[in-house]
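Coming up is one lone chain in structure tokens, specifically the form predicted on its own.
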């Protein structure tokens, strides 16, 4: 007998699984298909020799009471996960800037380290205003792109009539705003903003929308957290609750195809056929395209074509090391920019994330897990011979370790674990085309009003995930999942 469900969710990453949790909490009979052997997607983990490593996102954004994360946990009747709220050091070529959570400390730091002229102050005042309004709008369930009069009403309500003048900045890049204040040649300021923008919206100051950039550069002030036990413990926490409230989780089940049959969707997987009244796909839209019927293909094709050139990937070095190798620093998170003039990526803009002391889920006692991550272009890793690939992989791994030794001079000297993840690694384990991860690089042409919507006009079918509005990151995943679940509830 074929199992039947109210709503089927494709993909067990942060977008898909949060969608399933919301809907299951409201009494719907849900099922999640995850092709991998575990949950997480681009915010997942892997284990080796009693170490656990976060493979993509290492932090949770806006996981505070009344934040996007806090509201999500409130909606599903679960307490916020325990964790460490993060402040970290940005290592610029000629100075260090501490990115404080506390606004007063951050305001003092940025004026002291990045300039306190009148134009600097005016720039930061605009940044503060924009981030306050749009973080609040995100927490109040703003909905984009606008697809109906109701969506327009929600946007007006969440932004507030008194703040509507800020909408004009939706057509501005971060570089446009820097030019407005004659700061486009300020290398330290541009360097810091560029590295934060690449890390959060995967774009550059000349292409990234200003509002998205402003939000991305202020995440540590919005409850930036590393969960106790890293992503391994986080996913165990969520999945335990989902199963407890009656959800069905199918790990290792890859959706091969689906089609409409009378009142249901018929879903074919590598391990059997299932029925569901509704479907939410949180897979990348090109992977959804590969398995969907022609009616959905026709809707997805324009979005795929538009975003094909806005894909990117990452390289990550995973180290299991003695804690003594990182004892010289109080901070466990750092971001390094080597050169103001060199293109970002491939080590020039690298994030260091280290498990907390006594986190025995991430590492055995006396040891810690270290993740060194940097962005890269997909094209750099295509069409390589096996020998070329191994040499390139070895070289970039060593480069990232050497860069990290700016902060931790002894890092990796006695590593118990040393692994390098590349786009081909992501392609193998996440099934993403060419290893494209993290959502589309956000630009004026494909973000906000021009983003991929959750509702593409197919009855009882919706999208979620980092290819849709509002894009990449854990906070965006929760927003995407919330919107998709709201459609499916009707």
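Positions refer to the first chain, counted from 1. Computed from a prediction, not measured in an experiment: that's the story for all the values here.
Not on display, but discussed next: the form predicted together with a small molecule.
- Contact with the small molecule in the predicted complex, defined as a heavy atom within 4.5 Å, is made by none of 247, 300 and 461.
- Put simply, of 26, 48, 431, 445 only one has a heavy atom within 4.5 Å of the small molecule in the predicted complex, and it is 431.
- Of the residues given (370, 404, 197, 314), 314 alone sits with a heavy atom within 4.5 Å of the small molecule in the predicted complex.
- Of the candidate stretches 131-139, 283-291, 391-399, 162-170, only 283-291 has residues with heavy atoms within 4.5 Å of the small molecule in the predicted complex.
- Contact annotation for residue 35: at least one heavy atom lies within 4.5 Å of the small molecule in the predicted complex.
- In the predicted complex, the small molecule sits within 4.5 Å of a heavy atom belonging to residue 59.
- Put simply, residue 254 is close to the small molecule in the predicted complex: some heavy atom of it is within 4.5 Å.
- Contact annotation: residue 42 falls within 4.5 Å of the small molecule in the predicted complex, judged by heavy atom distances.
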